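The structure tokens that follow cover one protein chain in two forms, given apart as structure 1 and structure 2.
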Structure 1
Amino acid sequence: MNPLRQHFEDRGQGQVFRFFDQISSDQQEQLIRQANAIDLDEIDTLVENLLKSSATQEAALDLQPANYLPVPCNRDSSESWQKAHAIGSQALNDGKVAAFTVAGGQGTRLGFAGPKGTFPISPVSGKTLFQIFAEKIAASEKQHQCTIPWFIMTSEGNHQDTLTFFEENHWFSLSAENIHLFPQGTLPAVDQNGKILLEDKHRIALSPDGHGGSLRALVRSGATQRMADQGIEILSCFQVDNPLVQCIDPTFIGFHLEKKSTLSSKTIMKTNAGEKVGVFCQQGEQTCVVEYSDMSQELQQQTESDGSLSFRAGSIAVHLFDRQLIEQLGGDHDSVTLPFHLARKKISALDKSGQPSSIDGIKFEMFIFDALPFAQSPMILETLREEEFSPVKNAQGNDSPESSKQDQLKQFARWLAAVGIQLPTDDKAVPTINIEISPSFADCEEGFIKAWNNLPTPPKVKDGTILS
């Protein structure tokens, strides 16, 4: 027997080669190549620790709410916020910051055929998520007179489509050599007994290794080396599904530098105890994010004397990473590495007789926020939900294209109200006309007021108006 096949057999994973004698020699080679890239020790450890062990993944008791820097009422005139803004602007001007989008997810809940970043989301012109980010990054480059390289993590499954999309759209006028796409790692999906699943007779069922896989993908793809060569020290990370995200926020960068943090995160206040977001917590000396599913009802509902939730600082997956922390956690050091989590999902895989089927399987994923306990002086900054967070997760209802478009419209309406223009709204304060403000015109309220006041003749705002 071929030694690789024997090796899988010896480790109890011989089913990977169950149909080997029924497939063509090309397909056999393909399967061997895939199998060769699998670290069976790693799979054994994951199955042993996460699947077979009786230990639950529940967070240990001793949790306290994490400290965070709250948004002051007078944010724009607050001395400390202005100072942070100036520090962050200088770092940008010095070329020390790059942008990073995690875009390797499978987007199953949205049910859109292409990569999620190619989903059209702006209310009038239907700009895609990627175009909105590209325009925001271009606007920051202009404001701070710098180049902001953009790293985008794709997956094996969507890499080519993402690349083609950027090529066809001429990199949205950014410079092609400053946008770096690279696929994240994969891990085999397994069944309830820890047996590796086959997607086809000649293909192992592989899944992306979670957004936390970005740290090792950044190192393995050479992205961190490229950053070092270009003098980039900070990576501004955000998810692909949030059109309101501030891709580059000078104030956030300023606080990160000022507090000598190696990993900073943005938080928004939970709207209710049951809201399904991860929460920033303190566990002894360490800061961490605890998933809502791992937090007891009692802690979720605990309140302070003023009635506010104790565990209220929700994570919106916006972080600043020092390059060195990524190198440390994403490199091949066994001692410091992110933990894996187990996700029970339906997997398209072959059943024992070789028939395509939907199997209750297991995926292994890393979460990017698990880097927090390894960070020095982690800083958490509050931001306002209505300004920076409206993700597109589901096809309908909460966090859907519809809710996200409404949130964009409400933001544009607030900015227009600040220059004295009131849009007609329905009883939920959603504008009843569709308008759009491009990031090239303004990417925040303050910038909007300036840009509007600089217009020689401000336009009449009506249904379909695009300010760009």
Structure 2
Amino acid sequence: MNPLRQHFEDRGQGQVFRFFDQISSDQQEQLIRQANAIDLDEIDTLVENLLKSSATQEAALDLQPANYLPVPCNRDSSESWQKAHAIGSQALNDGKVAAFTVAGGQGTRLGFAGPKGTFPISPVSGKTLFQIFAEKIAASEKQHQCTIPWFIMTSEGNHQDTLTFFEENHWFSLSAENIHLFPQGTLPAVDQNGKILLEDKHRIALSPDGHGGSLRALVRSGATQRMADQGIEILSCFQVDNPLVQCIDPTFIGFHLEKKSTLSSKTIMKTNAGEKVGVFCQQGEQTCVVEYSDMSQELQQQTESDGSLSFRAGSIAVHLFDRQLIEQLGGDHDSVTLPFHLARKKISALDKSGQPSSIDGIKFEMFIFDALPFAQSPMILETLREEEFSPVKNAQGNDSPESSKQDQLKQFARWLAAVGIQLPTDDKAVPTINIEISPSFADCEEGFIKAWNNLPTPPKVKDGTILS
């Protein structure tokens, strides 16, 4: 018997090669490559600790609301915010910051065939999410006279399509040498008994290792070594589905450095107790994020004397990581690593007879916010939802392309109002004309006011206007 097959047989995972003699030689090679990449010691540990553990429930969480730096009424006149902005700007001038986008998702839920980053989302020109981010990064490079490397984590399923998209769009005028794409790590799905499942007779059922797996992927892909070689000390991390995100925020970077934090996060205030976002909490001496599904109704609805929610600091998956913390948590250090979580899901896999089936299976995932307890002086900074958070997750309703475009329009309208131009709006304050302000023109209100006032002859703003 092939040594690899024997190894899987000896470890109780021989079913992986159950149909090996029925498939072609090319398919056999594909299965062998997949099997060789699997760490059976890790799978055994996950099955033993998460699936076969006799513990039926975790201890009750002793939680308090986390502290955060609130947005002042007037940031322009706040000495602390101006100081932080200057500190962050200097770090950018010195070339110490890179951008990182978690972009493994597909546009399936949006009814879109392709990587989510290639989804068109701007109101007039239909710029894609990737193009919006590229233009924001380019604007920051121009403003701070620096180079900002951009690392993009894809998935096994969308890596080639994402790479082709960037190539066809000439890297959106950024330097191709400074954009680095790499796929996320995967782990095999298992059944209720811990047996590795097959997606097909020649393919193991693999799934991404969760957004926390991005830290392992950054190390294993060589991204952190590349950062070290370039003098990058801070990584600005954000998800691919949010066109309002500030890819590079000097003030955020400045507070991160001033507080000597190794992991900083942005928060928005929850709109209501039932909003389905993770919440920043304090558990003893540690800062953490608790998923809404893990928090009791009593805590979710707890209020302060002024009626505001006690647990109101929602996570929007925007972080600053020190490179050294990524190297520590994403490397091969058994004593310092993110925990895995077990997710029970229906998995498309073969049954014992080789027929396609929907099986009650297990996936193993890591969460990036589990890095908080390992961080030195974790810092949480409030931002405003209307300025920085309007994700595209659903085909319709909240967090949809329509709601995101409306939020973009409202942002553009606020910027124009700051220079004395009032757009017609409906009863929800959404402009009734479609306009667009490209990040290449301005990527924040302050920058817009400056760019607008520098125009020799400001244009008349009408339906279809694009400022770029």
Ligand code: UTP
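Here the structure is a predicted model, which means the values were calculated and not measured. Residues are numbered by position in structure 1's sequence, first residue being 1. The term rigid core refers to the most C-alpha atoms you can superpose between the two forms while keeping them within 1.5 Å.
**Q** I want to make sure I have the labels right. Is the form predicted alone structure 1, or is it structure 2?
**A** Pick structure 2 here.
**Q** Aligned on the rigid core, do the two forms place the Cα of D41 2 Å or more apart, comparing between the two structures?
**A** Yes, shifts by 2 Å or more.
**Q** Honestly, after the rigid core fit, is L381 moving at least 2 Å at Cα between the two structures?
**A** L381 C-alpha, core-superposed: shift of less than 2 Å.
**Q** Can a Cα shift of no less than 2 Å be assigned to D360 between the two structures, given superposition on the rigid core?
**A** Yes, D360 moves 2 Å or more.
**Q** Once both forms sit on the same core, give the Cα displacement of G14 between the two structures in angstrom.
**A** G14 C-alpha displacement between the two structures, core-aligned: 3.3 Å.
**Q** After superposing on the rigid core, how much does the Cα of T108 shift between the two structures, in Å?
**A** Residue shift at the C-alpha: 4.3 Å.
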